[in-house]
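First, one chain by itself in C-alpha cells, the form predicted alone.
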Amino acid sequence: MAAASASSAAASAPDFPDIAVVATAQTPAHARYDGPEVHLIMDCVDQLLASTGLSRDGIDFTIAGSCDYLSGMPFAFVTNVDGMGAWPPVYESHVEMDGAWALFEAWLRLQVGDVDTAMVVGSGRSSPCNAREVFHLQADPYAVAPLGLDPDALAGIQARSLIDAGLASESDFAAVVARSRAAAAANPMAQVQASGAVAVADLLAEPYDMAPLRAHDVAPPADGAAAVIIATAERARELTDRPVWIRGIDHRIESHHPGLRDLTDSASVRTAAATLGIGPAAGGGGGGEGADPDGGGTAGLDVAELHVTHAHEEIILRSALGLDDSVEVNPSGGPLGGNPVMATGLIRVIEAADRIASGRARRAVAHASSGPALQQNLLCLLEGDG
C-alpha cells in the first residue's frame, strides 16, 4: 500500500489541496428493506443536495462502493448509478468494496486538481442473501474456503485467540456490547435499539453462536446506504460553514491466510496509524494526560469510530491505535447497533465528521475494515477548524 502512504504524506504538502467533508447523509439500518437499493441511494443523494444547494450536475465526480453478491444481481452497481444521477455518465467510478474505499479514491481524485467536488456513496442490501454462505467464498480457495470458514467462524477463532493469550475475556466482549447498545439507543439510524440498560451478566447468560462469541457479539447485517460530498478547500467553504478536513487516509492489507497472521493484533492498523501520525508507533495514545492538543496525530483525538463487526475486534483495534479512556469510542453505537454491509465503513467516517461539524469533537479517526478477522483496514483522520 505504498500509494496510500505516499498520498497520506503528500496531503499535507503545499502542492496538494486541502480536502474536506462538506455534507453527509445516511439511511436507517433496515433489518429488511423491501424496495430496490437504488431507492436507498436516491434518498441519501437527495439529502446531500438539499443541504448544499447543489444540483446533480453540480457534482464533478461520483464514485460508489457496493457488492453485487449481496443482492445476487450481476452489475447491480450500474443500476445504482441511476440513484446518484452521475453526469456526465462516464464521469463516475465504482469499487467492489465498502464505501470507505470509494472515499479514498475520491480523495485522491480531487488532488489531481481538475475537479473540486466529489460524491461518494456506499450501499448494500444484505437481506436477500445469507452472508455466511457468500463471504466465505472470498477466502483462500484452496485451504480455507473448502472448510466453510465464514467471517463469523473466523471471528470466533480470533476471539478465542485473544482469550487464550490472556488479552481479553468473555466479560470484556459483553462490556463492549453493553456500551455499544447503550450508545445506539440515542442513534435514530441504528437497527438495534435497547429499551434500557443492558447488563453484562445478562449478556453472558445468552447461548453461544460461534463460541466464545454470542449472537449479540456479532453486528446484525442490515440494508442501507450512506453518502458524502467532499470538496477542495475554496469550494468547501462556499458549500458549508463547518468543513471537516480530511488530514490523511491510509489503508493496509494483511495475508488472507489466517494462519500466517497474529490474530490477537492488527499489524495493518498499527502501520496505517503510524503513517497518519497516530497510534503507539507515533509515540502515544489517543489524547490522554500529557498529550499536546496541537501536536502530532496521537495528540488530541476526541473520537474514534471503529468498524467493529464482532465485539472482540474493538479490543484489538483499541490496542493497535493506542486509544486510552479519554477517546470516545463508537459514540454512535457502531456496527454492533446496525451493520449496513458495504456502507458501514463509510458511516464511520460520517459519524466522526458529524460530531466534528456539530462542535462535539475537534479531531477524530474513522476506521473501516474488509475481509475476515480484520484482514484489511483503512484509517481516515478528520479535523475541524477550531
Partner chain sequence: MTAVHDVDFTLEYPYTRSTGPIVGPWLTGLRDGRILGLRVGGRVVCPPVEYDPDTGVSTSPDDLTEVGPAGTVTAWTWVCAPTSKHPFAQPFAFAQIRLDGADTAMLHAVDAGDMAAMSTGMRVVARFRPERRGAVTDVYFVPGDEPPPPVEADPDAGSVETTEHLIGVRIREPLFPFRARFARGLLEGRILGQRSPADGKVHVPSRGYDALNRVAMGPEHDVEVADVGTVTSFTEIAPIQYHGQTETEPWIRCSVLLDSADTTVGGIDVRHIGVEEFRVGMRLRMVWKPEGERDVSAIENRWGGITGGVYERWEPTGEPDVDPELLKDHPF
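Computed from a predicted structure; not experimentally measured. Positions refer to the first chain, counted from 1.
Keep in mind the form predicted together with its partner chain is missing from the figure; the text below concerns it.
*Asks:* Which is the contacting stretch out of 128-136, 232-240, 300-308, 175-183, given heavy atoms within 4.5 Å of its partner chain in the predicted complex?
*Replies:* Heavy-atom contact with the partner occurs in 128-136.
*Asks:* Would you mind picking the one in A211, L167, A281, A201 that has a heavy atom within 4.5 Å of its partner chain in the predicted complex?
*Replies:* Exactly one listed residue reaches within 4.5 Å, namely A211.
*Asks:* In the predicted complex, does H39 have a heavy atom within 4.5 Å of its partner chain?
*Replies:* Flag for H39 set to yes.
*Asks:* In the predicted complex, does H216 come within 4.5 Å of its partner chain, counting heavy atoms only?
*Replies:* Outside the cut-off, so no.
*Asks:* Consider P74 of the chain shown here, and say whether it contacts its partner chain in the predicted complex, taking contact as heavy atoms within 4.5 Å.
*Replies:* So P74 counts as contacting its partner chain.
*Asks:* If we define contact as a non-hydrogen atom of the residue within 4.5 angstroms of the partner, is A143 a contact of its partner chain in the predicted complex?
*Replies:* Yes - in the predicted complex, heavy atoms of A143 and its partner chain come within 4.5 Å of each other.
*Asks:* Taking its partner chain in the predicted complex, which residues along 223-237 bring a heavy atom to within 4.5 Å of it?
*Replies:* Heavy-atom contacts to its partner chain in the predicted complex: nothing from 223-237.
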